[in-house]
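One chain follows as structure tokens, the form predicted alone.
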Amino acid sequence: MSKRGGTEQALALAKGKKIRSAEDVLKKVKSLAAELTASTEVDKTLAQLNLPYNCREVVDKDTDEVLAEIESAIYGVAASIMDGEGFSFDIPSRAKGNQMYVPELDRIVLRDTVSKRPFASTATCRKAAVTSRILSLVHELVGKRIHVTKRDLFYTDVKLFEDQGQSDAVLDDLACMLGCTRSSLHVVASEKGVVVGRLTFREDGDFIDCQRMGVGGKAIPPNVDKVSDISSDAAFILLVEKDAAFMRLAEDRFYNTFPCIILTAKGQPDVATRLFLKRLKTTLKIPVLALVDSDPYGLKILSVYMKGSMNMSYDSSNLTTPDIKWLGVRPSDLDRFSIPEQCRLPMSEEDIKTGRRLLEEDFIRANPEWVKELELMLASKVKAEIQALSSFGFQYLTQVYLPLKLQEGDWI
């Protein structure tokens, strides 16, 4: 045994926790998977809840439906102009005050409040022009049955849009206004997320085997609608926050020892990765375990996957994957695994403010164990990245930490 390997095994044994065989390590994971498979609970919908206020949600629409929605909106504009009233778009408000967490759904939703965007107002004239332009471009894309990236869309009229953030925001406004998902508008984000492990599928007819994608993994398709024939013998999905941890797991072929699918969005979750994760969980019915940094931003990233984001709350039913288990790195792990003091970083004032804001969120308060971990972090005022585990050896993550966590079923 190498000196490094001996050190890692000694660290595990020193805690009185001997790592057993791979089959034994996965017993509690398989038990969790069996519960998911046996569950007959049907996801609730907004319509079934009879809430005292109206909410707006979007659905996937086919080409003809999207074209009909766009043309209906334009006909309305034309009629308004001919009546001498100018034109204005009725845009659903996506302001933070119009969004709320619904415990019965365990996700963030958007209230159905509409604001006017008139062309004849100096405050909204330019934005109305941008809205008209993007509506025209989307109509062309959908009519031609082609897809482009958000960046492509921005470069069609840089002088008008000025900044991609503006065209991106109006694109979300239009999806919400037309009642369809953003992917239904044939505009996708550039590839960002990657996946590796025990997974095969077809992408636009091409067969993909994610065990043969090397250390870099397979880029998650920006158009998830083109993914079909998903198949896997994995016991669980490991959702990783950062690319560095993903590379370690991929290079060590962690998925061969412990059959799993590993994916990451390399930081903030993008739409394609969130859609792909939801698709995998729904199709395979296996648990999703998350590995994120022990800081407020790690928990924030995890909450976006589970509860949705404020920016795209109108599409939370399609983008959220409920019941993801927080495997690590949790604040309580720092002492439990004796993370060295030099690997623990002091939280900045901004970190502390972010943590306190998270504690005020309804979706955090709904999970007492999350609250306990976050309060521990704020009390200690220290944080740690996944890479802090490398202080025990570069392969400590794959050979000791994760096997022990899985073996003990140590997730919340």
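If you superpose the two forms and keep the largest set of C-alpha atoms that fall within 1.5 Å, you have the rigid core. Start at 1 with the first residue shown and count on from there. Because the structure is predicted, anything quoted here is derived from the model rather than measured.
Just so it is clear, the following notes concern the form predicted together with a further copy of the same chain, a form of the same protein that is not shown.
From the list 90-98, 120-128, 217-225, 296-304, the contact stretch for a further copy of the same chain in the model of the complex under a 4.5 Å heavy atom rule is 217-225. Contact check for Q387: a heavy atom falls within 4.5 Å of a further copy of the same chain in the model of the complex. Using a 4.5 angstroms limit between non-hydrogen atoms, F207 touches a further copy of the same chain in the model of the complex. Within this chain, R279 is remote from the site of a further copy of the same chain in the model of the complex, having no heavy atom within 4.5 Å. The closest heavy atom approach of D323 to a further copy of the same chain in the model of the complex falls outside 4.5 Å. Listed residues V329, L153, L199, V288 were compared with a further copy of the same chain in the model of the complex; L153 is the one with a heavy atom within 4.5 Å.
Checking V194, L178, A234, L171 against a further copy of the same chain in the model of the complex, a heavy atom within 4.5 Å turns up for just one residue: V194. Every residue in the set R248, C343 and Q395 has a non-hydrogen atom no more than 4.5 Å from a further copy of the same chain in the model of the complex. Using a 4.5 Å cut-off on any heavy atom, the residues of 238-253 that reach a further copy of the same chain in the model of the complex are, in sequence order, D243, A244, M247, R248, E251, D252, R253. After superposition on the rigid core, the Cα of D335 moves by less than 2 Å between this form and the one not shown. For T149, the Cα coordinates differ by 2 angstroms or more between this form and the one not shown after the core has been superposed. For T320, the Cα coordinates differ by under 2 angstroms between this form and the one not shown after the core has been superposed. Relative to the displayed conformation, the Cα-Cα distance from S167 to A265 grows by 3 Å or more in the model of the complex. Relative to this form, in the model of the complex the C-alpha atoms of H139 and S228 approach one another by 3 angstroms or more.
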